[in-house]
Structures are given as structure tokens and as C-alpha cells.
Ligand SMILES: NC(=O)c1ccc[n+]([C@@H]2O[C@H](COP(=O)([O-])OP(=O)(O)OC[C@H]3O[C@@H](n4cnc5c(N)ncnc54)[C@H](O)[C@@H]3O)[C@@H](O)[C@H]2O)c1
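In C-alpha cells, one chain follows: the form predicted on its own.
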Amino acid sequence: MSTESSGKVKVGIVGAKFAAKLHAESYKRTQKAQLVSVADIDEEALELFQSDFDVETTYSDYSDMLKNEDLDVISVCVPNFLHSEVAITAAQSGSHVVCEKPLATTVEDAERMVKVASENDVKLMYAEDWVFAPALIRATEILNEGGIGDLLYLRAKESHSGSHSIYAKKLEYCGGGSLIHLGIHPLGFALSLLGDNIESVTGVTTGGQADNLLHGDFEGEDWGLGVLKYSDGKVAQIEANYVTQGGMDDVVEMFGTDGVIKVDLTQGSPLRVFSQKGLDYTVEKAKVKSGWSFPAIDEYSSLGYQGEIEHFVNCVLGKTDLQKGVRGEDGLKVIETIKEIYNAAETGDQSI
């Protein structure tokens, strides 16, 4: 592999917009990776990305990048419906793959991704950043040391006011609504913490378009709730919605026999600012930035992006094995469970 001569993991990114920038900055921070190339069909986005991250080469066709560049790992940062195509092509080229959430929009595509990665002896790494969020790591340590007794109930949610992207609004592009787009994070964390020995799944969602609470232009639900009942009696509640104003709102609560843990991932900043003119940035998805706000300190670190990419780079270097929650099969299990929630919501029956 190319790491033998350079000592660094050589990285290519497919996609040049929001998620790609999260990956690029996190690779940069590891100091163990070299961002070699980026591909995107949007020429303007490519130019801006190259300027921001000093990338050596750019491509309008990711297939050309795979053919021409000697890359150890590819980060897949394209719209959801393209994840499987790009990841499979990258795996077949011999590169390890980091795939943004959700792993795919269908169970069948996710299964193919896991299968092709295995057949080509490459790592398929599922980018679930919550697993590496420092606050959730510490919460898990407290839980495991018995700080709140035996866990009874986990409640987790991700929510914001919605997206302007067509790729979040159309079922063919996203595979669903708020649950598959946002609920994927709390669900991924729940499965990594509690395992997948699920006895039953219950789901309730809005109906999409005219049947949504707020967003009639979204084909998928703008509010969704899933309840997982485990065989040992534990319960996990997963919520996602597009009807929360004020910026990204990510919360995890753990209820035990002897205590409670509450984690505010996005609006728990120790920094408070009052600004009459408004700040350039406070927290993701916040539309109003004047008055009192709680600006994020370093979302790359606090939301787990930096730790996630550091872990993936170390895996590619052979320094560690992929941990539970970010393996390809974990991403597959998340998609299977999301689809079970959707099925339960549609039929009105418990599913599993």
C-alpha cells in the first residue's frame, strides 16, 4: 500500500460539500493522513474545496480518481442514494472505504456493500460520529462502572428545522425522512451501546407531504419515533424531527435503577454570548444568531468527527481493529432497524 513509502494514509474524498469538509478537516487534524484528491461533479464546489484544503488533484468523475490515484482510503460524502455505488466501486478498486451515514438507502444495497468489501479484503468503515463524541464516551464509562445502577431506559434524539437540499426531501434520494436522515445517529449509538438483541420494534411517524407537521414539501416524515424493546427488558426510544427551531438539538438520556445521565451534545456549550448584531456562526442549523446564544466551541471534537477519523486512520495503518458501532455490518444493522421502524409505523404493528 502507499502508506509504506509515505508513512501516511493517502486519502481521496468523493463529494466536496458539507460532509466532505467535515472529513477533510478531521483527516488534517490526525497528522497521519494526506488528503490527495477530491472528486465532485460540481466544479464550483471543487474549486472552493481545493482552495480550503490544498488538495493536490481534483476530478469531476470519481472513477477517474480511483484509476489515476494511489489511494489507501476513500471517504464517501455524496448524497445518500449514491453511497452504495461509490463505496462498491471504491472497494473493487482496492481502497478501504469510509462511508457517511446512512450506509445506504435500502437494506439490499447495504448488504451488497458489506459483501463486496469482504470479497475484496478491504475495510468498510461506517461514519457514526456519535460513538466518538467525548461526552457520550464519558457517559458510557459512568454507565459501565455502575454509576447509575442497571440501565432501564435510553432516550435519544436528533432534530433541527429541516433541510433545503432536494436530497433530503425526495424518498428516492434519501430513503425516508427525518428518521433515516437524523435518527440514524441516536439509533446507531443505541445499537452500539445496547447491542442488537431486539425483541420488538414500534414506530410512529408523520405521513409525509400534506400529512407532515410542518414540511409539506418533504416526501418523507418530518417527525418520527421508534421504540426498541430488548429481550432483557431494556427499552430504547429514538426520535428525529425537522420541526425543532433554534439549531441542531442532539440529546441522550440514560435512566438507571440508581440514577440518570443527561447529555446535551449540541446546545450544552459552556460559552454564552449576547450579540445585538449577530455572530457569524453559533451552532449548526441555527437561523437566528443575534441575542443570547451558546456558540459551539469545536464541533469537530465535541460531535466525534475528529475521533472517528482518527480511529479509521489507525485501522488502515493496522494499529487497531474497527470498534463496534462503526463497522460496515453495524451500518447495515442500523438500516435494517430503521426499516423495521418504518414498517411498524406503516402497519401499526410491532415488528421484528
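When you see a residue number, it is the position in the sequence shown, counting from 1. Everything numeric in this text was worked out from a predicted model, so none of it was measured.
Another form exists, predicted in complex with the named molecule; not displayed. Remarks below refer to it.
Contact annotation for Val78: at least one heavy atom lies within 4.5 Å of the named molecule in the predicted bound form. Under a 4.5 angstroms non-hydrogen atom cutoff, the named molecule in the predicted bound form lacks His215 among its neighbouring residues. For Gln92, no non-hydrogen atom is located within 4.5 Å of the named molecule in the predicted bound form, even though that partner is not displayed. Remark: Lys17 counts among the residues lining the named molecule in the predicted bound form, judged by a heavy atom distance of 4.5 Å or less.
Heavy atoms within 4.5 Å of the named molecule in the predicted bound form are found in one stretch of 286-294, 40-48, 26-34, 313-321, which is 40-48. Exactly one listed residue, out of Leu332, Leu22, Val9, Ile341, brings a non-hydrogen atom to within 4.5 Å of the named molecule in the predicted bound form: Leu22. Distance criterion of 4.5 Å from any heavy atom to the named molecule in the predicted bound form singles out Asp129 from the list Asp72, Asp222, Asp129, Glu239.
For the three residues Tyr62, Leu82 and His185, a heavy atom within 4.5 Å of the named molecule turns up in the predicted bound form in every case. The partner is not shown here, but in the predicted bound form the stretch 147-181 reaches within 4.5 angstroms of the named molecule through a heavy atom at His164, Ser165, Tyr167, His181.
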